[in-house]
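The data below hold one chain only, encoded as structure tokens and taken in the form predicted alone.
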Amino acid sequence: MRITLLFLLPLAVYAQSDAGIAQGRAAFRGNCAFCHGLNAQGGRGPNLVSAPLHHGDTDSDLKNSIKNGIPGTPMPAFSGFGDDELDHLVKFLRSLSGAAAPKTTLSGDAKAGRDVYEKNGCAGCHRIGLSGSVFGPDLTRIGAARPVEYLRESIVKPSADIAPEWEGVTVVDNAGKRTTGVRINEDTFTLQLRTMAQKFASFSKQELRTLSYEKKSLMPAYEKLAPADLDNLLAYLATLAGGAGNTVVKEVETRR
């Protein structure tokens, strides 16, 4: 009997582990896959399979990021998760480590990419650190927040995936004035937009002639950007991890 029990004990442990991974997979796909991809290899959110993770690689780091969110990023706090659920989520993520996609090799030059960024007027809509515009997404830590392939698609085909907070809206008021901007707030009676001039515009819906929700991104598609320029720009964006991580930015500024 003892031999039988000793033999079955590891099987029971494996069964519990498999069940925990399955529960973690279900929790991930219900709460996290929309941003991080079905297999956690990135999308609107960063790749959670490839190391290093910018907010820590330990189990405790992962649980903290899930439970408390990451300030200054779109990552919300999932404070409702219990300890068991967090354990299952982490087990699921760890189980994917052997199935990670090969890391994207960047062939571009980050310093040249900074020049591409400036020459194409990207700062007219985007901000890096304290420089640029708040009309479009902040890029200060975009290299830590988005996989390279997602960034490539966002540059070349920005309408392929538009996050809800960056959906464009166009209104025409009763006087015929047309205004396009990013929706900041909307309820049954009012609408607030942020225009490209970085100003807020508030409207009463009763005073609008038309209200249209844009199906295309307000960001232009850079489909004709030279391949070398695109590679350089991606290499530059990949260096942007926030804070002290912007070493290339500092080097370029020093050079100038």
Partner chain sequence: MKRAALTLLCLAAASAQVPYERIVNAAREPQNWLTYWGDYSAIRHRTLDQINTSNIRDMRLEWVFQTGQTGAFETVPLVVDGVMYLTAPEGYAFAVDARGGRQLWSYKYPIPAGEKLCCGTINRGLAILGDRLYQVTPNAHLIALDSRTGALIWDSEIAPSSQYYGGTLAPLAVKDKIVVGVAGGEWGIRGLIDAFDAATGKRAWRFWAIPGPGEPGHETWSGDSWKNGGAPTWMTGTYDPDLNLIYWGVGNPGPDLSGDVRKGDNLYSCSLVALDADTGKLKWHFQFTPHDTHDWDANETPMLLNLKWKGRDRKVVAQANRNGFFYLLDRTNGEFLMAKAFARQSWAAGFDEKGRPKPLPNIEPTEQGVRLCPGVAGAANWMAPSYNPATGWFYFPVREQCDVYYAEPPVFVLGKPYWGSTGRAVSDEKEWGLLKALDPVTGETKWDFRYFRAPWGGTMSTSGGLIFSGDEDGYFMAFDARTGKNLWKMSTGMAIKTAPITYMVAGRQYVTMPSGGVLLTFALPERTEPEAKKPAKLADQAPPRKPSSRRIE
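Residue numbers count along the first chain shown, from 1. Just so you know, these numbers come straight off a predicted model, no measurement behind them.
The same protein also exists as the form predicted together with its partner chain; that form is not shown, yet it is the one meant from here on.
Please tell me whether any heavy atom belonging to Ala26 falls inside 4.5 Å of a heavy atom of its partner chain, as the geometry stands in the model of the complex. Within the cut-off, so yes.
Taking its partner chain as it sits in the model of the complex, is Glu186 near enough to touch it, meaning that at least one heavy atom pair lies within 4.5 angstroms? Yes, Glu186 sits close enough to its partner chain in the model of the complex that at least one of its heavy atoms falls within 4.5 Å.
Given that its partner chain is not shown alongside this chain, does Thr190 nevertheless sit within 4.5 Å of it in the model of the complex, heavy atom to heavy atom? The answer is yes: Thr190 has a heavy atom within 4.5 Å of its partner chain.
Just checking whether Glu167 would be counted as a contact of its partner chain in the model of the complex - the rule being heavy atoms within 4.5 angstroms. Yes, Glu167 sits close enough to its partner chain in the model of the complex that at least one of its heavy atoms falls within 4.5 Å.
So which of 143-151, 106-114, 178-186, 126-134 is the stretch with heavy atoms within 4.5 Å of its partner chain in the model of the complex? This holds for exactly one stretch, 178-186.
Check for me: heavy atom within 4.5 Å of its partner chain in the model of the complex, for each of His54, Gly69 and Phe200, yes or no. Heavy-atom distance to its partner chain in the model of the complex: none of the three under 4.5 Å.
Could you check which residue among Ser65, Asn39, Ser217, Asn31 gets a heavy atom within 4.5 Å of its partner chain in the model of the complex? Of Ser65, Asn39, Ser217, Asn31, the residue with a heavy atom within 4.5 Å of its partner chain in the model of the complex is Asn31.
For a quick check, can you give me the residues of 208-233 that have a heavy atom within 4.5 Å of its partner chain in the model of the complex? Only a single residue, Tyr213, comes within 4.5 Å of the partner.
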